[in-house]
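This document opens with one chain alone, in structure tokens, the form predicted alone.
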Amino acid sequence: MEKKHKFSLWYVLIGMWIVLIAQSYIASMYAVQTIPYSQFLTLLKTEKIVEVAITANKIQGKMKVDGGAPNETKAFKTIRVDPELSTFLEQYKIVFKGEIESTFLRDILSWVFPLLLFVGIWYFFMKKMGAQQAGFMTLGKNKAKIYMENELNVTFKDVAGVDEAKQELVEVVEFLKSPGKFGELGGRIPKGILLVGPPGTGKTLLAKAVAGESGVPFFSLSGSEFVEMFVGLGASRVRDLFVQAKEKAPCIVFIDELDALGKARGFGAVGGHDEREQTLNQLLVEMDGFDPKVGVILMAATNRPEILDPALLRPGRFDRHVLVDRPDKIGREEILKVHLKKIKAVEDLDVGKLANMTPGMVGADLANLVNEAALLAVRRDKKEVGMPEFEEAVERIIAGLEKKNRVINVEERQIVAYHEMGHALVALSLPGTDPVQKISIIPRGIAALGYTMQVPTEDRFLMKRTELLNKIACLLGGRAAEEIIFGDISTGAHNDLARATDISRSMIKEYGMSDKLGQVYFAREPRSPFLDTGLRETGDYSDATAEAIDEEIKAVISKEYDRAVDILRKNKGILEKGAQLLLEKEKIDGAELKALMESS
């Protein structure tokens, strides 16, 4: 890689210092003694002058050294006074000549070389300023990173867990490889393909894989790179992008974070003609203007499709939407296998079990999980990454970093132990709950003083009413245990209460699981605030209905809290034994707790 050197003032100072040293050294080499003209005449009369060179105003020559060797001489110079000097020289038989004085070397050292040095400095600064001015003049040029065919080493083999999305994009690859095949039947490839999905699911990687499989150039840029403070620059960049894309066709143009550019147009505080809207308008015009037969495929990615302008999503523009969703268990296994190739893991690693422990995680989370496990193995001086490191990495991602050095007093430690054991016992006592894998009272993250880890055995896409109620009871089990053992409650249940309230609210307002309110949807549908259809908005209801909703939410939570209290009172002995065991070991797994319940 080419190294870039930055200019420094020290370079100038060192250069000037070198020039001064060179001047003084050369001057010492050519040192000439200056003598008065009268002394010159005396030396001439005493026959100590050997030779002279005469100019119009100066006499320079060699004279014998007093007390030196017979042939030893030294240079001298003097100002010429006597115009009849030749008579004296002939009288004493001195070899003399006339010459034109040369000042070339002196001029070079005295002012030409310094001048060149400062010209060089001036040229350097002008070049830097010119680059900045050129950058200013090219503000309207697009900032896309262009990856040529030989620079992309990403293919569909590097993308796992999104098989349906890959299948949707296979025909794009076929079109870029053989566009004539589609024209025979009169069909056309979609102009724009929008990749929609949560952050970290691999939308950008999938777009690169399409380009890598097709073997075509890949233009990559973000939606925010179009919008600038200068009016018109965004539209200019859009035009320049499509001009360059047509020159390198067939190719793929990928716009990441399209919502930064394609947000629905509306009337804001500055009117409807701001820079972002002009840029969006230009993008719409360009998408209408270019011929899909040219071979330019426009791809974009967003995780907020609900705020995009409807004009972007109509047929003829981004007319194909590809969902890149969170991977299921099989997908997570495939993604983990891809990332496990990059580290040294044990051969008998149970990838299926690891995939079960990571529900809801996307590709970016799984890549981070594998990396964290590898770092833990290095920290423990292991040669291979094993299952304990992966389990610790899962806990670290879900609950945060362990803080064993945090000092907790004895009373608070007991409260945390009974609190976490309350969660675990309620979860083990109710049917259909996720199995308890681990209980810990070691502080983690910012505020977690302990945690109970429940890992589902399979991916779930639907939940029954009884399962949601059991989940609320498990969340309230911690506070119920505090009340039973200590006769008081603490602030440690604030997150449990928030989650329980959210579930209860969703049951009443979204899922229609209230006997009193019936099968009615009360929640407001999330959509863009810029889109006004003129229709009555969903989620509007009277004050009486709002009061009834609040009462129902409170009733659900109160009922499940009483159920949790009842379960723990019946198992108070197990609660106390489990808490004491937890205080001794700080961590216990689900198997130990299950064995404790069976033995009691």
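Not measured: the values here are computed from a predicted model. Throughout, we count residues from 1 along the sequence that is shown.
Form predicted together with a small molecule: not shown, discussed below.
>> Please tell me whether the candidate spot formed by K191, V294 and P315 is one where all three residues come within 4.5 Å of the small molecule in the predicted complex (heavy atoms).
In response: Heavy-atom distance to the small molecule in the predicted complex: none of the three under 4.5 Å.
> Given that the small molecule is left out here, which of I79, I484, A364, A311 has a heavy atom within 4.5 Å of it in the predicted complex?
Replying inline: If I apply the 4.5 Å criterion carefully, the residue I get is A364.
>> Please tell me which of V162, V210, L261, A480 lies within 4.5 Å of the small molecule in the predicted complex, judged by heavy atoms.
In response: For this set of options, the contacting one is V162.
> In terms of non-hydrogen atoms within 4.5 angstroms, which of the given stretches 277-285, 356-364, 463-471, 511-519 touches the small molecule in the predicted complex?
Replying inline: Going through the listed ranges, the match is 356-364.
> Would D350 sit within 4.5 Å of the small molecule in the predicted complex, counting heavy atoms only?
Replying inline: Residue-level check for D350: no, no contact with the small molecule.
> Does any heavy atom of R505 come within 4.5 Å of a heavy atom of the small molecule in the predicted complex?
Replying inline: Residue-level check for R505: no, no contact with the small molecule.
> in the predicted complex, does L205 have a heavy atom within 4.5 Å of the small molecule?
Replying inline: Answer yes; at least one heavy atom of L205 falls within 4.5 Å of the small molecule in the predicted complex.
>> Taking any heavy atom pair closer than or equal to 4.5 Å as contact, tell me whether G200 reaches the small molecule in the predicted complex.
In response: Taking the distances in the predicted complex, the answer for G200 is yes, it comes within 4.5 Å of the small molecule.
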